[in-house]
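Next up: a single chain in structure tokens, the form predicted on its own.
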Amino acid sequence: METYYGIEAATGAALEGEFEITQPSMVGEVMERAQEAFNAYQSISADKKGDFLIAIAEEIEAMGDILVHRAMAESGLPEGRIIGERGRTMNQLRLFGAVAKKGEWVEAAIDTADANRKPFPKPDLRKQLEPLGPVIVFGASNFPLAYSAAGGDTASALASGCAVIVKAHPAHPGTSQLVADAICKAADRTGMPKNIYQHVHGTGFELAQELVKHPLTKAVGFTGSFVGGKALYDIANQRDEPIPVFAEMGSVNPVLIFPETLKQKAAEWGNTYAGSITLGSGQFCTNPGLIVAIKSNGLNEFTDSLLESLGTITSQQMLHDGISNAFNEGKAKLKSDGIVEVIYAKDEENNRLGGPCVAKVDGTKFLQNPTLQKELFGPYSLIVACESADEMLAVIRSFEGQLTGTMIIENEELNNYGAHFKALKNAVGRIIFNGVPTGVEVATSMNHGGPFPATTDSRYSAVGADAIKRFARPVSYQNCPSSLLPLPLQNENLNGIYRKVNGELSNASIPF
């Protein structure tokens, strides 16, 4: 039996507990169990599935400080951040529990028959979203709770009716295992099928490959690097039966600051963005890695304020050696390449601390070097100084797909920059006005996605109630006997959900 152990982020020391590595040769057994559980899960009512998700939240809460302290040790994140993330995780589970119970997410649509229609009778047609099957979820390194064993991918997949197999992130195996145990306890408590949730450990890429390649796998959820997400996406599309990979792969989240704001509030926004760039040591997928503005005294004032504020912020522990090493190597490369001017770089004696870095480049050079759009994961941002509004527009139109885009702008300027707004909208999944991109509200109206390469499918959100739709597909029933119809499609609307009946939204039953 091959095992590994967790590492304390701050010291590199081994933590208590050994975790068995699932060998690639064992994937077939894991997937067979998942398929059997999925088949049984279809007979579980939506109400009971919701109870299961809510019970997971209760079991996580019941662990108390044990979970908090283990997550702090493995991630290096402070107690307040872990407690907040635990709260978000429980709220997500309760949200999807409520969504499952209510049942409207299936988007039930009914077109009743008309035997007298000419020239041909109209059949009875009924459609709803139904679960895909077993889903593989990869734990994220930067969210040891909210996008790990019981994170948003797991919660939405279970709510949709799918079986879930989570591969723990090797940076926080103990945290992941504690949450996995809580999920299994909640499953037993609520009478869910055995193995509806499974949890595996692995330190290499081979296990991930085999999980994605297995013919019983029907979808993948991933949050991480572009390299990792694209590799899984390519494997999934090379299968005999290609499957969807919902991968969130990073973003530089451009921020546009317009002239009138720079005249009025340059110092204020400089201070605000120092906090956003360094929040969580820059280890958020919504970190503002690109700031674009037109050259002016106001931009100089913004830059001075940003750098002064960064000097007052204490560097924070990064999540693990892999991230801190990549960040420090990236900073060194910026200095040696000479493409950009590094105007602030705090180098720490402790390599595990994320010393912030800011660089500057003019708009022409940015347009000539597409690699400047690539994410440097950590507390880093690049200021792009444009000669004119036209050059600023060209910069925006060059953007790759992003999770977010921000406009810092005064109301009186809005009419002058309509083309800039439209160009930004085409490149992002969420536009923020006069704020910071860091922070993602878990709500129905949230879209946490974006055009490639930010994600592999810009039609879906990884956050909020609509995330459930990633793991479902539409199924139509034509002239189906009532006894075989799913509950939401039956004439009697027992749950009182809104359905589209003959083109009109209604929560009434259909006359028999």
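Sequential numbering from 1, following the sequence displayed. Here the structure is a predicted model, which means the values were calculated and not measured.
Not on display, but discussed next: the form predicted in complex with a further copy of the same chain.
Among residues of the shown chain, R352 is not one whose heavy atoms approach a further copy of the same chain to within 4.5 Å in the predicted complex. Within this chain, G12 is remote from the site of a further copy of the same chain in the predicted complex, having no heavy atom within 4.5 Å. The closest non-hydrogen atom of S45 lies beyond 4.5 Å of a further copy of the same chain in the predicted complex.
Contact annotation: G28 falls outside 4.5 Å of a further copy of the same chain in the predicted complex, judged by heavy atom distances. No member of the trio R81, I294 and L307 reaches a further copy of the same chain in the predicted complex with any non-hydrogen atom inside 4.5 Å. In plain terms, the part of the chain that comes close to a further copy of the same chain in the predicted complex, with a heavy atom within 4.5 Å, is 96-104 out of 383-391, 343-351, 186-194, 96-104. Checked against a further copy of the same chain in the predicted complex, the residues A113, I313, L216, A109 give one hit for a heavy atom within 4.5 Å, which is A109. Checked against a further copy of the same chain in the predicted complex, the candidates K335, K365, K263, K122 yield a single residue with a heavy atom inside 4.5 Å, and that residue is K122. Taking a further copy of the same chain as positioned in the predicted complex, the residues of 475-493 that bring a heavy atom within 4.5 Å of it are, in sequence order, V475, S476, Y477, Q478, N479, C480, P481, S483, L484.
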